[in-house]
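To begin, one chain is listed below as structure tokens, in the form predicted on its own.
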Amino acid sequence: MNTAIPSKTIPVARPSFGVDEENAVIAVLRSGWVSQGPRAAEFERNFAEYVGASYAVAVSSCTTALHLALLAAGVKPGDEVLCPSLSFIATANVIVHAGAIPVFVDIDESTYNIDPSCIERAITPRTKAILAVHQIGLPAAIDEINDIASRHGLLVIEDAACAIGSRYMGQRIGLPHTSMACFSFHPRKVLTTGEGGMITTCDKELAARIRGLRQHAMTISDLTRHGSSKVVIESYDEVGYNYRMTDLQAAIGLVQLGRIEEMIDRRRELALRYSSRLSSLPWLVLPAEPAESRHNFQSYMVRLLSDAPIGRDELMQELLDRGISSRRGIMAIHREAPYRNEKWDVGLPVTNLVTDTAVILPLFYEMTEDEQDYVIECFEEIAHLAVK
């Protein structure tokens, strides 16, 4: 439809860094301690306090956080772990890394999170845990999931990659709603350290085991050895991993954590502006926010109904031609080669519908209203031309 050279280039996401983040990194560089050390420990304490958990363990990514959480929870080869297919592929990959088998459960059509009404029929004698994803920052139905898990003796672990600052029943995600919650600090997330992750829990033994596993199962940390007045010789009691977060990353995270509520408030303002303007398009499904949840709007995702005047992929191309980046909503893991199986094509109808019709629009903390207005105006123009 549009062949003109775009006058703007608007990304789907952009991290927000300022002078404070720069100074924090410089201070770590000058300290001489750049690997996992005092800043990582401070970030853990502050993060645990922010979400209301007793313990937080910093790691190299949410993927490694989820892997360690599954191992610490006792998930073993041959176990089954229930999870949604509508998620980033890491959700299933970590289950395989633990030697277990991912079993996909369909999603709720309005929240895009795992549908509690579909969980029980997926449970078998081999089911060990439920990996509940808070998709694009909207909390899953934790109470209902916990009730089901309790009846069947299952563990619940939260994939909270997108959900820092989101709330469920008035409490922040990461509080002990379940045994553990795992967060991501990837650049597309609300809080970013470039890469990085965090596990929160109120179980002292789980926290201790995870701390060991993230550092080669070393019995004494580098920081403890360095601060000791006596010679300390560490040992390695099991096979561990190098999943550590550096102090460089943690220093950025500490600054970002101090800005988190301001950044979420701005995202919510922008999301409200999107919904207000786009509500005039009857073929567009806007994001839902159940009464018990507070969305952090890590992403703003809409879905096209069957009577939309334009297809999802064509819409994305038209936006790109106008200098606006977008993304397909959320991938369906079961369509990727490692997880492809005919039974999922039949058994996950809502997942298939959503992954084919959803699109993520640009939204980030430093997005201006002029930039957002341009996105909305282009969206409306494309829709209008498509109708003609």
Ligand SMILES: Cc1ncc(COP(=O)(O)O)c(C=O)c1O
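Everything numeric in this text was worked out from a predicted model, so none of it was measured. Note that residue numbering follows the sequence shown and begins at 1.
From this point on, the text means the form predicted in complex with the ligand, which you will not see here.
Trainee: Using heavy atoms only and a 4.5 Å cut-off, determine which of L315, I148, A90, V103 is in contact with the ligand in the model of the complex.
Mentor: When the ligand is considered in the model of the complex, the option within 4.5 Å is A90.
Trainee: Name the single residue among Q36, S326, T355, T63 that comes within 4.5 Å of the ligand in the model of the complex, judging by heavy atoms.
Mentor: The residue in contact is T63.
Trainee: Flag G196 as yes or no: does it have a non-hydrogen atom within 4.5 angstroms of any non-hydrogen atom of the ligand in the model of the complex?
Mentor: Yes, contact at 4.5 Å.
Trainee: May I ask you to state whether N296 is within 4.5 Å of the ligand in the model of the complex, using heavy atom distances?
Mentor: N296 lies outside the contact set for the ligand.
Trainee: Taking any heavy atom pair closer than or equal to 4.5 Å as contact, tell me whether S184 reaches the ligand in the model of the complex.
Mentor: Contact with the ligand, yes.
Trainee: Taking heavy atoms and a 4.5 Å cut-off, does V133 contact the ligand in the model of the complex?
Mentor: Contact check for V133: yes, within 4.5 Å of the ligand in the model of the complex.
Trainee: Which of these stretches, 239 to 247, 185 to 193, 118 to 126, 301 to 309, has heavy atoms within 4.5 Å of the ligand in the model of the complex?
Mentor: Partner-contacting stretch among the options: 185 to 193.
Trainee: For the heavy atom contacts within 4.5 Å of the ligand in the model of the complex, list the residues of 154 to 169 involved, in sequence order.
Mentor: The stretch touches the partner through D159, A161, C162.
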